[in-house]
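One chain is shown next in structure tokens, namely the form predicted on its own.
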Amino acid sequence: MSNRRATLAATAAIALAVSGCGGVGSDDSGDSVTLKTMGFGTGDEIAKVRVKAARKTIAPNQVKTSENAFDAQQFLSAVAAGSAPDLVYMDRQLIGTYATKGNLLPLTDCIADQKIDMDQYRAPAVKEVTLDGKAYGLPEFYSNRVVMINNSALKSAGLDPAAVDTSDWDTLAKVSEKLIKKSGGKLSRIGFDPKLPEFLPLWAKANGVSIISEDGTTANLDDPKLVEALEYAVSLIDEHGGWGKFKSFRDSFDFFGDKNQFATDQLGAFPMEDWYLTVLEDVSPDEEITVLPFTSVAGEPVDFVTGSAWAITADSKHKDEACEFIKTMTDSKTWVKAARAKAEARDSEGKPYVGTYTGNAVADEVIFGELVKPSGNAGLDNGVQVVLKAQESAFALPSSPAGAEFQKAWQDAVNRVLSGDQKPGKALAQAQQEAQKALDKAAEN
């Protein structure tokens, strides 16, 4: 699910390809060329309007998008076969790995030739795609994490939403325990979901530690503060009867439907990406929620941000056209045009538009300053403001020469702990060795 978040942030599952074309293969003909992409498809107005604008920019050349999310094996197989796409859309945390392997093109010339204003993009997002001082991608969405609270669940437990305080771990554990419900020996409501394994970097930062060095070359997975953070987050799950019962129940949620975990009182609270506010506004507009910033043990707001990026493959046969395409896709004017179309579409349905969080700060100023209007749901409207405020304390993991391997190491460690195969300290010690070995090997190349 984590690899699909940037697409979900647009509240659109990857759908049909542009011009009805799927796959990544195509032949050039006549006086035009056809750009091949991987990892991106069009869904709602946010994607369609931008792709239309980008196609106009490169006309008479064409673009062919795939309807699937980025797949590492498929990508590397295409590269090995000499049929690499011109463009790839992937998690920004993976950029460093493929840049180090020589699969991606440094965008230095692209940025200079197209006069791309890199200052329009949010600094943490640019940091994720920059390796050794060179940008290898242009940021797309900007996924923020805040705490979303089910007011009715809190009320039923005799609690106020303000009781969900992530800076006070002892109290949070007690609140979660009060919120847990079981029926016939089976779990019927999760108290506080810590969102493991994918949110480990958030819990680590909240406990005053980063999981990797600022230069992306040194793993910090065996830090005692990180071990403590993982032990605590896992303890919240254990209170529900263990990972098996917890995950089985969580997997049963109608996450994107009108019988979602808020509407059916199956969840008390959890940290979550901002795009879920759009989901709730769409399927449960009358649900009363409270959104709060995730705070560190020191009481400071912490916002772990992620997202995807466009990159040009080193073997692209049409690098200039590819550069024009991604410039337009991520430009502030294009984002605003797409957001305006989305807002108009929502209005025609009698529904409010609660915003699109992009990696382009200039675009967001217009989106949230002019296009987002009060929805009528105080909780959702406040939630938007909480997200915008949280961005002031945003952090992203730095680009790493072994980003994919590093991510796998720590996620596998968390999964071993959740499944009961290892204790946190031992799992993270193993992950430290695996991650650092991958980082050192990548640095030698």
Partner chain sequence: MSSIAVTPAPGPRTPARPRGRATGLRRREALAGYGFLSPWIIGFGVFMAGPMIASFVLSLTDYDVLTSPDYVGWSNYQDLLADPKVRMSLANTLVFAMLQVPLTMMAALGLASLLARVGRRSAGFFRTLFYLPVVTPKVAVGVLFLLLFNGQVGLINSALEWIGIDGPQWTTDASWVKPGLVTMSLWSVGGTVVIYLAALKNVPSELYEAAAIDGASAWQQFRNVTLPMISGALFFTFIVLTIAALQVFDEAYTAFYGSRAAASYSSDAALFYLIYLFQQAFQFLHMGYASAMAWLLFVVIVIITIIQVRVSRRFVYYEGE
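Positions refer to the first chain, counted from 1. Note that the coordinates shown come from a computational prediction; the quantities given were computed from them, not determined experimentally.
Missing here is the form predicted together with the partner chain; even so, the following discussion is about that form.
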Using a 4.5 Å heavy atom cut-off, state whether residue 61 contacts the partner chain in the model of the complex.
-> no
Indicate whether residue 284 is a 4.5 Å heavy atom neighbour of the partner chain in the model of the complex.
-> no
Can residue 244 be called a contact residue for the partner chain in the model of the complex at 4.5 Å between heavy atoms?
-> yes
Distance check, residue 228 to the partner chain in the model of the complex, heavy atom within 4.5 Å | no
Pick the stretch from 391 to 399, 415 to 423, 375 to 383, 50 to 58 whose residues have a heavy atom within 4.5 Å of the partner chain in the model of the complex.
-> 415 to 423
Heavy atom within 4.5 Å of the partner chain in the model of the complex - the one residue of 186, 259, 317, 333 that qualifies | 186
Report the residue, out of 252, 235, 108, 218, that has at least one non-hydrogen atom within 4.5 angstroms of the partner chain in the model of the complex.
-> 252
Since the partner is left out here, which residues of 91 to 118 would have a heavy atom within 4.5 Å of the partner chain in the model of the complex?
-> 91, 97, 98, 101, 103
